[in-house]
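In the form predicted alone, a lone chain appears below as structure tokens.
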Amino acid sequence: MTEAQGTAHRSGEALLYLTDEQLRQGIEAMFFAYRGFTADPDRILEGMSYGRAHHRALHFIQCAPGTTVNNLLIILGVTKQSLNRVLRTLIEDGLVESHVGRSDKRERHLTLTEAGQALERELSDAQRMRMRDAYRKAGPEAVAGFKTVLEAMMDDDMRAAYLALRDGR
């Protein structure tokens, strides 16, 4: 390996030319990481008759209190029927409140109740602990690179929804 190749390799430029095997390993690592990331909330939800769809709804309602059902449909990328089934359960169980829009009576604005906030916090705390530990082990450069990779993998419309949510728009 020449000096220039060694420098490029160390700086990460060599990662721009991944082999199919390296890509396969990355896909597998992402699959197993996702399983670990969802395992803790899955265990919490197991005895409550809730699943990941309920968790995702709680999470994004917490991230954007007062969000509309239509906005939640866009963020989650699910059918209206599927989301309505999840929301109906969460509302009936006293975890989510639905309010009629002030300017548009057809809109439904969603917020978490105190019980919903407590459950969402428990679910997210488990994931935050896992992420915090992984980030500490990886270091700041890896964390920044990981975020860049995730954002680059998003479809354009989902990246726009993510950025809007992240920026509080």
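Note that residue numbering follows the sequence shown and begins at 1. Worth saying up front: this structure is predicted, and the values here are computed from it rather than measured.
The protein also exists as the form predicted together with the DNA; that form is not presented, and the subsequent description refers to it.
Colleague: Candidate spot Gly51, Val78 and Asn84, all three in 4.5 Å heavy atom range of the DNA in the predicted complex?
Modeller: Answer is yes for this spot.
Colleague: Among the candidate stretches 22-30, 57-65, 107-115, 131-139, which one is within 4.5 Å of the DNA in the predicted complex when only heavy atoms are counted?
Modeller: In short, 107-115.
Colleague: Find out whether any non-hydrogen atom of Thr38 is located within 4.5 angstroms of the DNA in the predicted complex, and reply yes or no.
Modeller: No, Thr38 sits far enough from the DNA in the predicted complex that none of its heavy atoms falls within 4.5 Å.
Colleague: Report whether the minimum heavy atom distance between Val143 and the DNA in the predicted complex is within 4.5 Å.
Modeller: Looking in the predicted complex, residue contacts with the DNA do not include Val143, since no heavy atom lies within 4.5 Å.
Colleague: Report yes if any heavy atom of Val69 sits within 4.5 Å of a heavy atom of the DNA in the predicted complex; otherwise report no.
Modeller: So Val69 counts as contacting the DNA.
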